[in-house]
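This document starts with one chain, in the form predicted on its own, laid out as structure tokens.
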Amino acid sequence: MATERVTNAAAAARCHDPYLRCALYGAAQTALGVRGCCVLSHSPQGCFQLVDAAFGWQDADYTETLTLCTKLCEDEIVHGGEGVLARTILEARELDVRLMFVVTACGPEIVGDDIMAVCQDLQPEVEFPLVPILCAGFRGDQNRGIEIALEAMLEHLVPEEGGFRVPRSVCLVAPHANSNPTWMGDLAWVREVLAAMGATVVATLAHDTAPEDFEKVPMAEGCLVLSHDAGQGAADLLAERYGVEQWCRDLPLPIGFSNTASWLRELGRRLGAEAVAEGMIARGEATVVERCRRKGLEQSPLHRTPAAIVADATVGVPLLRFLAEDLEVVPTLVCLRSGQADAQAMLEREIASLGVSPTVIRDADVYAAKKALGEARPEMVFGSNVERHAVEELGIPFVFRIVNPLSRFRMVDRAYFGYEGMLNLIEVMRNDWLDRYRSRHRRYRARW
């Protein structure tokens, strides 16, 4: 039976925590997933840096995408900044803008700026659609910001009438709510799988999404939420408003042999492509086994080794089965930084199914994770660069850095989903295993 503990951080605003940024960041991440858009940050210049950071997470093209800021100062924070906002929107008429998202920081919302009214009043005066998004940091963490932005997109950009259905079509939701630092690799794998099964992706909410794709959203037969941390609200709205059914809702995302096979079989059943799914599973499993054999993978150091997972739910929940079942480690601690309500229930089912008994900490911040690692004292941690520094004084020998934040620059998007994703994860573990010995005499000083 797993030991479960909920930290005080669950009920507190955690925008200051290094694991998660605020709602403004999540909303900007989502808005910047629309190709050729303009994101106007109604905020002080400091908060605008979050929009710049979100720009990198979406791999947005700076030759197509514009980011603007109202640069609020003391006067606007005290007396209101609606005038500055209106002037900035009107000045944007001189730019090549196809669609403008207006996102807000805490200051203007606290002082009472009504950006909904400003956008409504100015809409007749500009040729591009205005989409206001109330996403002040006090509204929640970045995953809450993603939900707010998705709801705003569905409200303002998707037509009310559903129209006809496109046979065997899918809408993909929240692929960017994923701590895999190159999550676009996961999205590409999902698209390849759907194409092989004869399905059409009508829209992705949101990554490299064309503005005209929003009109196709109600035409989808089904939707896939590619995150356990955000996107469920949008999926529920699609089901309620347009009757778009969510697929694979109760299944962990496809990381590891069993999770990938279950996910592919369910997708094959939905699309009438069971034989295609079985073929993918057979070829994928054979490829992984053969590649590990030919490369001489040494699994013995992992066998029955106590291990901890510190990640978001998108990676952390499916990773549990991959580690326990496929790599034969013993999970003694699971720290989830975030996760939707369904993900918590899913984790409990996975723990019961695997017959393991890790300590589970939900909504873990850095302090809670470090404290739990100190109590559990695993031999290896599957986490991020944060844990690499945090465990230095704890004497935990191995930290496999698989989730964001990472100090590594990557030019190639590498999936964690699917069979190639398994090989990518094994490669990271193997390299971090060797790196530990290379770094035996190297010391790092953490900032926290």
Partner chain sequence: MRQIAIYGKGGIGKSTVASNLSMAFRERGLEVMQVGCDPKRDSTRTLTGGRMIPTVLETLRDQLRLGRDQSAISLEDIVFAGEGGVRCVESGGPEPGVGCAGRGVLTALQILKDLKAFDTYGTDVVIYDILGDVVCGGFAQPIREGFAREIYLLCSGAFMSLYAANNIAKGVRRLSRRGETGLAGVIGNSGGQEEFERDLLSQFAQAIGTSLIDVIPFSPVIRACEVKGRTVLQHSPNSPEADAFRHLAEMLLANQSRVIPTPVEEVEDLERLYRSRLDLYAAAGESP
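Numbering follows the first chain given and starts at 1. Nothing here was measured: the structure is a model prediction, and the numbers come from that model.
This protein has a second form, the form predicted in complex with the partner chain, left out of what is shown; the following refers to that one.
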* Can you check whether residue 78 is within 4.5 Å of the partner chain in the predicted bound form, heavy atom basis? -> yes
* To do: Although the partner chain is absent from this view, report whether residue 111 comes within 4.5 Å of it in the predicted bound form, heavy atoms only.
  => yes
* Asked: Hey, in the predicted bound form, does residue 250 get a heavy atom within 4.5 angstroms of the partner chain?
  -> no
* Is residue 74 a contact residue for the partner chain in the predicted bound form, using a 4.5 Å heavy atom cut-off? -> yes
* Structure fact -> Exactly one listed stretch (79-87, 251-259, 211-219, 266-274) reaches within 4.5 angstroms of the partner chain in the predicted bound form by non-hydrogen atoms, and it is 79-87
